[in-house]
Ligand SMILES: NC(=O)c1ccc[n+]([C@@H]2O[C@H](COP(=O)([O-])OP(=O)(O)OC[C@H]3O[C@@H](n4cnc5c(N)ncnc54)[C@H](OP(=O)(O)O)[C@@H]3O)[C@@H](O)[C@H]2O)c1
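Only one chain is given next, in structure tokens, and it is the form predicted on its own.
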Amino acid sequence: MIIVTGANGKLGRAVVEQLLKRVPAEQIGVSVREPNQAQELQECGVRVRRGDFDDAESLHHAFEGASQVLIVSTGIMGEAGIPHGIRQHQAAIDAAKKAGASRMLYTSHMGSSPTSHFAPMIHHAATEELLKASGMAFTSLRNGYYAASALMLIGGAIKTGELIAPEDGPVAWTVHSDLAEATAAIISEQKLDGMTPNLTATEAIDMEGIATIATEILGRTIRRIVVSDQEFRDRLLSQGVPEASVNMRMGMFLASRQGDFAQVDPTLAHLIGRPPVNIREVLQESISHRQG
């Protein structure tokens, strides 16, 4: 049985929906904290069980009979910088091993690195080390940077006409739906062992490029204004953004500035059999939705 964790989340649910196009529903199980929110999947014939990464016994039950387990990253960081998410990932790896799964998959990131300025990348790198140490066959999905984050960054600029941010670098913005389709192909066809190539769209665009695209779509100017790191921090803090969130955003800009998210690769296109959705299409749809 193929087990997918986090199936109530955007990526996890999309992966299950793609798997349903490839394998019988009775061969798919999901591990979710709130089973009542996965009622639609149960009605499709998917096995739904409660699984909480902080409750080992629940994971053992949720992973029962697993042949492959997809661990969708929790993205949780504990207090005082303690990597709570890494402990959760270890619990899931242990449970998959105990369940007798022959293979684990993990939603990592193209920027995974123990020395990244962007904290989630450090946690991805640490989890990849746990996968290597497990002794099990595994696939670490080096996903491109989620395009949904670009929409968050451009949202205010569409209203004000100014995209204000510190110096940045190109990012290979990639949509959840393409990554879900690729993940389902990797699982169902037993493709790609170990670290995957970067699963990205075919271009990397910086904030200046995003502002230019938005300008063309809107028919009015969106100005890209570069501010110092300190000014950006001060602006966010003055708007009431929590310091932890400010640090996270700054980390993203620092990492992109170093080129951590700039590498594109054709693997995603090969897996899904078509060109991946690009950032222009993402912005076009988002802006049309806002205007509609």
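Since the structure is predicted, the reported quantities are computational estimates derived from the model, not experimental observations. Don't overthink the numbering: it's just position in the shown sequence, from 1.
As for the form predicted together with this ligand, it is not shown, yet the points below apply to it.
The contact residue chosen from R22, R280, K10, H270 relative to this ligand in the predicted complex is K10, the criterion being a non-hydrogen atom within 4.5 angstroms.
When this ligand is considered in the predicted complex, only one residue from L192, A91, I213, V72 comes within 4.5 Å through any heavy atom, namely V72. At least one heavy atom of G51 is located within 4.5 Å of this ligand in the predicted complex.
Looking at H176, you'd find a heavy atom of it within 4.5 angstroms of this ligand in the predicted complex. This ligand is not shown here, but in the predicted complex it comes within 4.5 Å of a heavy atom of G144.
Proximity of R257 to this ligand in the predicted complex: non-hydrogen atoms within 4.5 Å are absent; the residue sits far from the partner. Only one of 144-152, 213-221, 181-189, 162-170 lies within 4.5 Å of this ligand in the predicted complex by heavy atoms, and it is 144-152. Annotated contacts: G111, R233 and R249 are all free of this ligand in the predicted complex [non-hydrogen atom within 4.5 angstroms].
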